[in-house]
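Quick heads-up: it's one chain on its own, the form predicted on its own, in structure tokens.
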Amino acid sequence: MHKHFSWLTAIIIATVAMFALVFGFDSHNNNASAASSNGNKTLIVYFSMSGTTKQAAQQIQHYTSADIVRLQRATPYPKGYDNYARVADRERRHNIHPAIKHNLPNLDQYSTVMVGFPTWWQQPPMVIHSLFDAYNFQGKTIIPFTTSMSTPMKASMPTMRRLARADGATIKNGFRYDDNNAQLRKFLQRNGLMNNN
């Protein structure tokens, strides 16, 4: 009777231990999976004056389901192309980084940040410099996109690489959006950014 009890006890203990190991392992994996999903989102930050870059950003958001936020100068540029172009050119020539509104969400939840802007004088507007001044992109992957009648993305890449690397971020080659959504989808697919819907 005593031996039978010991044998039965050993089986019960072994069974409980096995269940604890299996379910404990699954629970650990679930926790690890949940942790890995944190900080793995994509954010689209865009600056737009005429609305063209806004349209590009919204199209990217449609394909990626990423969060999106508009980058704004603290004091808006004056209305009218000639007026804001004059102010923007002065910023460029004197390396002025204008103050911006601090309206970005907590960046800890994002691993990838897409930064969109119109190309001005073969480079990003100075508010993009202000963006990197104001926020820490260390450890993020930066993917730029631009809108321009003819200037290719590669014209802005030296500046974007400099800004990203100074912040400790990784940067990928960007994309010039010219209303070609087929090319945009291919670009997003290459970078693993398309949603699954």
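Values in this document were obtained by computation on a predicted structure and should not be read as measured data. Heads up: residue numbers just count along the shown sequence, starting at 1.
The discussion below concerns the form predicted in complex with a small molecule, not included here.
Residue in contact with the small molecule in the predicted bound form (any heavy atom within 4.5 Å), chosen from Thr170, Gln59, Thr159, Thr151: Thr151. Contact annotation: the small molecule lies within 4.5 Å of heavy atoms from the stretch 43-51 in the predicted bound form, the single such stretch among 43-51, 161-169, 133-141, 59-67. In the predicted bound form, Tyr77 stays away from the small molecule, with no heavy atom inside 4.5 Å. Contact between Asn103 and the small molecule in the predicted bound form is not found at the 4.5 Å heavy atom cutoff. The closest non-hydrogen atom of Thr112 lies beyond 4.5 Å of the small molecule in the predicted bound form. Within 4.5 Å of any heavy atom of the small molecule in the predicted bound form lies no heavy atom of Asn95.
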